[in-house]
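Next up is one chain by itself, shown in structure tokens, the form predicted on its own.
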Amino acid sequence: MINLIRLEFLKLRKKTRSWLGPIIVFLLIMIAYPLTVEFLQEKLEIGFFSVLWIAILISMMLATEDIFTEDFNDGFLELMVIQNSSFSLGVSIKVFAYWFLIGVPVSFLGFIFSYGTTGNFSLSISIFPLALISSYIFLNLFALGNSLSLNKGSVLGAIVTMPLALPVLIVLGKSLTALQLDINFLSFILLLLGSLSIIIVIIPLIVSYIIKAHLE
């Protein structure tokens, strides 16, 4: 298991475009926001958090565009199946590696941009866990989409999984309202954590069965 974790981190670190590209896209979206709303220069925070959640969503979608493609083409996925190793565990480790090298930096950048836009440190520090959890959820969902669209183009996967991501965006919007009104914010954190705890178990299992079907 430890060797598999090291291998996944090593492979992702060597694919600079795979981990750096989504981070750069996130940066470009967040930098472009204040440049395109001149009439709101005094109240940038009005639409900032909607842009933040969507930027995280898009970044995670781009991050998983070829998450399984290289391993599928070079036979690594087939080797894992033949060796009877825990395929779903391998999927979980791969998604975790992507989250650690992409989701965590994006979430930290979200905190920085939040503080720079609102000037409210307590609000921005509360946004950080929301970004961490939501980015991990999005990565799992779009990994599912990528497994469905192996060798069929990434658009199909995005179309299939985007509706699954919409409830997360709704919860993020409601949690921000609760945070600003100082009412029941912790319950939304627990709701996202509960959803994540289910997703990180179920999604890798589903993905492993889908990829096995592709290999057969």
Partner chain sequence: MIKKFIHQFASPKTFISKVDTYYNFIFYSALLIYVLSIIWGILFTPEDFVQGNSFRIIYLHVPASFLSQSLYLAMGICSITFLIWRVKLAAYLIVAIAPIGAMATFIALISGSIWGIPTWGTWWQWDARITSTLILFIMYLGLISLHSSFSNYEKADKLLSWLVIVGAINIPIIKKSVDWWSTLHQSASITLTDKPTIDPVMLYPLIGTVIGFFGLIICLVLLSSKNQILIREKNKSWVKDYV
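Positions refer to the first chain, counted from 1. The shown structure was predicted, so the numbers you read here are calculated from the model rather than taken from an experiment.
Missing here is the form predicted together with the partner chain; even so, the following discussion is about that form.
Problem set entry | The single option of 28, 35, 183, 170 touching the partner chain in the predicted bound form, heavy atom within 4.5 Å | Contact with the partner chain in the predicted bound form is made by 170 alone.
Exercise. In the predicted bound form, which of the listed residues (178, 54, 189, 164) lies with a heavy atom within 4.5 Å of the partner chain?
Worked result: In short, 164.
Problem set entry | Contact label in the predicted bound form: residue 58 to the partner chain, heavy atom within 4.5 Å | No, no contact at 4.5 Å.
Problem set entry | 4.5 Å heavy atom contact, residue 206 to the partner chain in the predicted bound form | Residue 206: contacts the partner chain in the predicted bound form.
Exercise. So in the predicted bound form, does any heavy atom of residue 144 sit within 4.5 Å of the partner chain?
Worked result: Result yes; residue 144 sits at the interface with the partner chain in the predicted bound form.
For this session: Answer for residue 210 alone: is it within 4.5 Å of the partner chain in the predicted bound form, judged on heavy atom distances?
Result: It does: once the partner chain is placed as it appears in the predicted bound form, residue 210 has a heavy atom within 4.5 Å of it.
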